[in-house]
Ligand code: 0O2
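Below sits a lone chain in structure tokens, taken as the form predicted on its own.
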């Protein structure tokens, strides 16, 4: 997307309020619309897979889908942190998580099965994969992250847009949501001990996921 230099320089100036940018700058609004369309495309593909599974196997591979579009303020702050130019091209080329979809599954094996089914579709390209289930973060965080490149079909053109898709179990999502809330509390005493207890909780959640999966195997197959 080529823009006049004057518009580029004005796009995300830090002394402007993000809400005003959203309302005033048509190129930025158009770009956010494209990300929103990409979210809808990913959601549709996942819901189609869910419907197919419910007919063929009498069960659903996921419990729910959540989506979010990064706010103008968050985009601006991330560009500053990465010391990037405040331009549309920086957003498109350097930020992979502007559009996000989170898929909540019941069991870890459903995460991998659903991710592979999504990636098997011939119009989706995998840009990056980070498996924080097999390799949890130091704080205990677990999730499977995929950056995918997906086409959107506008009135006069087809464009490709990147979307971050996160796959978690219910237990992983519960832990991550609470950890996020607690992490931003002010003036926390004994932060290291709290962090250690959170890591313990993450491990216990992972053990529960594994045990529930074994129980499902016993019910469905008669063995683990």
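Because the structure is predicted, anything quoted here is derived from the model rather than measured. Positions refer to the first chain, counted from 1.
Another form, the form predicted in complex with this ligand, is not on view; read the next lines as being about it.
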- Task: Please check if residue 159 has a heavy atom lying within 4.5 Å of any heavy atom of this ligand in the predicted complex.
- Result: no
- Item | Close approach of residue 80 to this ligand in the predicted complex, 4.5 Å, heavy atom | no
- Item | is_contact(residue 49, this ligand) in the predicted complex, heavy atom dist at most 4.5 Å | no
- Item | 4.5 angstroms heavy atom contact with this ligand in the predicted complex for residue 141 | yes
- Message: Exactly one residue in 149, 131, 109, 97 has a non-hydrogen atom within 4.5 Å of this ligand in the predicted complex; which is it?
- Response: 97
- Task: Go through 37, 31, 176, 195 and name the one with a heavy atom inside 4.5 Å of this ligand in the predicted complex.
- Result: 176
- Query: Where, among 65-73, 51-59, 187-195, 38-46, do residues come within 4.5 Å of this ligand in the predicted complex by heavy atom distance?
  - Reply: 65-73
- Message: For a quick check, can you give me the residues of 134-173 that have a heavy atom within 4.5 Å of this ligand in the predicted complex?
- Response: 137, 139, 141, 145, 164, 166, 168
